[in-house]
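Two forms of the same protein chain are encoded below as structure tokens; each is given separately, as structure 1 and structure 2.
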Structure 1
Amino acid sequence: MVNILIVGSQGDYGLVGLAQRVGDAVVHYLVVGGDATGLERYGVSKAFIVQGVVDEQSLANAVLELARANNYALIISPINKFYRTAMPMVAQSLGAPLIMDVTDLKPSGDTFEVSFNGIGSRAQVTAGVKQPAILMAPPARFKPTEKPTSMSKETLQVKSVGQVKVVSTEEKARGGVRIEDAELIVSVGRGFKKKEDLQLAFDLAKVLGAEIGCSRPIAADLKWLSEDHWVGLSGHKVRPKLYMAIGISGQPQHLAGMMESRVVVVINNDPNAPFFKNCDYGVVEDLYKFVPALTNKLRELLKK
């Protein structure tokens, strides 16, 4: 029987579902944020609870120490910038592979067969990995089955390394959208010349009952929209019934986030925009003329 460690907040317990694909395993959970209540329902036999705020390097050291003591075959964590920084350090120190965006896991002898999204999210890759290995995946992808067990809890004092000194932290604005769950998306790109012009897309989205998505520059560079609207390789993956891309060129890193949309509509005034090769319906037109006309017509039609 192998030992597996999940590292994440209490809300990331979906990852236990990934661990369960190994079959018989002892599952430990390093809880970073939360008190571990309820984890015993999914068969977690031991919870280590981290007190206070930790930085990536300090967490990496703590995980490493646990890994050395308990000989974990797999260490599993969610995907965000904190773990994207901490876990590679753990992996390097353990001499272990780290696989990002894992979709499936099967034991095969004393190795594992792991499937994941790779090559800029354009491919499904399958690899054989030796133990120990580090796997990262979005927790919501997996549903742990209930197997109640008795769980012991231990608080873990993480020693702070303090090489990187945090001077200040400034919270970002949040739009409160869950673009991943949207059924209809109107997505905006740099074809919009000014922030105020986004109103054209907001009006259209309102008539359609759609959420607003955007390309990376709109959120990351121009900051016209909060990051929860950002679609793509480095943003959110979406799978709506309708994805309407307005003034977005269709670079592979944007496509990586919306490949699973059912119907893709592209509005762009450049007939050579790469997005036209990846759409169901492509309208070659100036968005400033087309979008208001479309909104008006839809408003009449849908009686809104």
Structure 2
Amino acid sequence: MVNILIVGSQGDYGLVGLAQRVGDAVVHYLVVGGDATGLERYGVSKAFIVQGVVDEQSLANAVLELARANNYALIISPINKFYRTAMPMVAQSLGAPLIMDVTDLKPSGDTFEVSFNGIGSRAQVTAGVKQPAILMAPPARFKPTEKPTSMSKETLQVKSVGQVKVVSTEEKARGGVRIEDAELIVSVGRGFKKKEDLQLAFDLAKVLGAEIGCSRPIAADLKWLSEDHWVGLSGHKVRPKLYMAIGISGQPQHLAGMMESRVVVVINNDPNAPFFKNCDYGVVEDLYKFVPALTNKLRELLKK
């Protein structure tokens, strides 16, 4: 029987479903936010409950202490920005492999067969890994079965070891954009030479009734748009009926966020842009000439 530790908030209990695929295992849960109520329904035998607000490095140290004391074969966590920082520290200290975006798991002798989305979510990969290993996955992907058991609880006072002290946390201000829900998206990239030129895309989006998306450089580096618009592996994942990419080269990190779009249109003046291999319709043209002409034509046809 192997020991498994799940690290996450009380609401991340879907990850227990991933742990259950191992079969006969002892499942512990390090609760970072919440009180562990109800976890015993899914076979969690022990809950460690973190008190207060912790930073990534302090949490990583706490996980390491538990891992060394309990000899966990697997440590499983959600796949959000906080754990993307914390869990690599754990993996590096344990000398353990870390696998992101896990979709399935099963034991295979002394190892585990782990399936995950790889190559920018364009392929599903299965790899054999030895224990200990760190797995990260979206909790909503799994549904644990009920296996009621008695559960002990232990409050954990995590020592703050980070150079940055967390005083408080605030919800990030949103610009009212829910790009994940958009049916039509006009997305912009580094093909635009300056921020003011994005108005060309906004005009087109207005005619279409579309939301504006963008690639990583526009939101993260240049900050021409807020991160609400960011489409990609580290941004938002979208699945609109129409995704129109303007001036975006099509790197795997961006494709990972929009590959489930129904129809993809690419406008780029570089005929060798990788995006052309992943679209339904491609236009090799200068966006500064083509986009205004397209907007005017659509405005005429749609009478807007």
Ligand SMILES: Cc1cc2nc3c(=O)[nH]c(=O)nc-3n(C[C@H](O)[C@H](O)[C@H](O)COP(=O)(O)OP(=O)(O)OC[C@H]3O[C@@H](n4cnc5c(N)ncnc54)[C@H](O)[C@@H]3O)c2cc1C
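Residue numbering: structure 1 sequence, from 1. Because the structure is predicted, anything quoted here is derived from the model rather than measured. In this text, rigid core is short for the largest set of C-alphas that superpose within 1.5 Å between two forms.
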These are two forms of one chain. I'd like to know which is the form predicted in complex with this ligand. 1
For Lys143, decide whether the Cα shift between structures 1 and 2 is 2 Å or greater, given a superposition on the rigid core. no
2 Å or more on the CA of Ser58 between structures 1 and 2, with the rigid core superposed, yes or no? no
Can a Cα shift of no less than 2 Å be assigned to Gly43 between structures 1 and 2, given superposition on the rigid core? no
Superpose the two forms on the rigid core and tell me the Cα shift of Leu242 between structures 1 and 2 in angstrom. 7.3
Shift in Å of the Leu255 Cα between structures 1 and 2 [rigid core superposition]: 3.6
